[in-house]
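Here we start with a single chain on its own, the form predicted alone, put down as structure tokens.
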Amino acid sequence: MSAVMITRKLRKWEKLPGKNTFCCDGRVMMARQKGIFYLTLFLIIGTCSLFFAFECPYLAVHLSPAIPVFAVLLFLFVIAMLLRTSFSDPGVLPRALPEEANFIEMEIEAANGSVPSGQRPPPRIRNVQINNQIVKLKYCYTCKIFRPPRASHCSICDNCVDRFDHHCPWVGNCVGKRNYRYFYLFTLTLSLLTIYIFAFNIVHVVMRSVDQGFLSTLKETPGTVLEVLVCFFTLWSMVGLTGFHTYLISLNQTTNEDIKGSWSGKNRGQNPYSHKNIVKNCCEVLCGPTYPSVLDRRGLMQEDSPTAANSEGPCSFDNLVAQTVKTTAPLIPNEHTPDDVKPSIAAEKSSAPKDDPPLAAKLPPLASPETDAETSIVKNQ
């Protein structure tokens, strides 16, 4: 038996820290708590299915065939924005390597000096200047890095996210630098879809009630009542959420900064990221460049794993000695062989035959060199 090192290629997402789940060989990245995300999908697909089944056939014939077509396009766009927000990397920052973390710790200790026992060490902060304003970079004790401006550590996903906005359980992911625009488009289009379905539900009930009556209309379309209730309670929350994020985009601000009051109050400075222009702020957030992921989730890394393999060779004395040594040698270095394995002296004596003479008695006496010379002379004569 011999150990053979087999190198197995791994993707980097298999070794990434944090509380995320990956699917499709690292292409899909989500949070572990996905129950509310499934509820979001169920509500959107279920409500739209009822609308397509009960209202669209009647409205396409009696009002316009463009109504179901526009509803389908809007529904597909909502699902696409939801999946794009939920399945993408929000801007997770990689954690520091052990060498980098040690170097940062040495820099901090050299800057702060030795802290007496019983005193709290000073906060680990670095100052950078952005648009002629000082911005503080905070140190993350989990990721061992100084977070970039506007980044924050998500306690649910256990990752530092660049331009962290918030963690949204409805989409099952953090909302950050790389998926914020898709999140905003999702909330905007979902608000439009909710208003669209709610309005045409009312139109459908009114048009059929004129001919058949209100109660008979509800009996023929039982899904209408459920659609109206879902859309009514969803409408206020989605419209309010969309309006709030529209306000944040116009100021080039995040939800995290707004809640903490980072750029408000008497002692706070002005927002260094705002262009003091609503159009410019909206263009930067919604039409800016798409930033690549810094995780390299699908990159390859190698891992050596020992595997036992049988090496069958020709039977030789060296193999026998090696096997004997393996069976009798201790498993741990400097470890004594147990007493029950060692052969005892009494056993060796008892195993030897008693009647046999000693070995010296069996051997003939050795002749001296002089005696051998005389014997050879006599033979020659």
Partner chain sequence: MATEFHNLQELRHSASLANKVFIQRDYSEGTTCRFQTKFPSELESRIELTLFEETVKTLNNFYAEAEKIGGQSYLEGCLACATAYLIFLCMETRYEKVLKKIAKYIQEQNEKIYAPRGLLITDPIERGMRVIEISIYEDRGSSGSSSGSSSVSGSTAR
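This structure is a prediction, so every number in the text was calculated from the model and none was measured. Numbering follows the first chain given and starts at 1.
Below, we refer to the form predicted together with its partner chain, which is not included among the displayed structures.
**Student:** Heavy atom within 4.5 Å of its partner chain in the predicted bound form: which of 203, 228, 74, 137?
**Tutor:** Contact residue from the list: 137.
**Student:** Check each of 81, 248, 238, 157 and return the one that places a heavy atom within 4.5 angstroms of its partner chain in the predicted bound form.
**Tutor:** None of the others qualify; the residue that does is 81.
**Student:** Does residue 129 reach its partner chain in the predicted bound form, with heavy atoms at most 4.5 Å apart?
**Tutor:** Residue 129: contacts its partner chain in the predicted bound form.
**Student:** Look up in the predicted bound form whether residue 208 has a non-hydrogen atom within 4.5 angstroms of its partner chain, and give yes or no.
**Tutor:** Flag for residue 208 set to no.
**Student:** Do residue 96 and its partner chain come within 4.5 Å of each other in the predicted bound form, heavy atoms counted?
**Tutor:** Yes, residue 96 lies within 4.5 Å of its partner chain in the predicted bound form.
**Student:** Is residue 145 close to its partner chain in the predicted bound form, meaning a heavy atom pair under 4.5 Å apart or at it?
**Tutor:** Result yes; residue 145 sits at the interface with its partner chain in the predicted bound form.
**Student:** Name the stretch: of 208 to 216, 182 to 190, 164 to 172, 230 to 238, exactly one has residues whose heavy atoms fall within 4.5 Å of its partner chain in the predicted bound form.
**Tutor:** The contacting stretch is 182 to 190.
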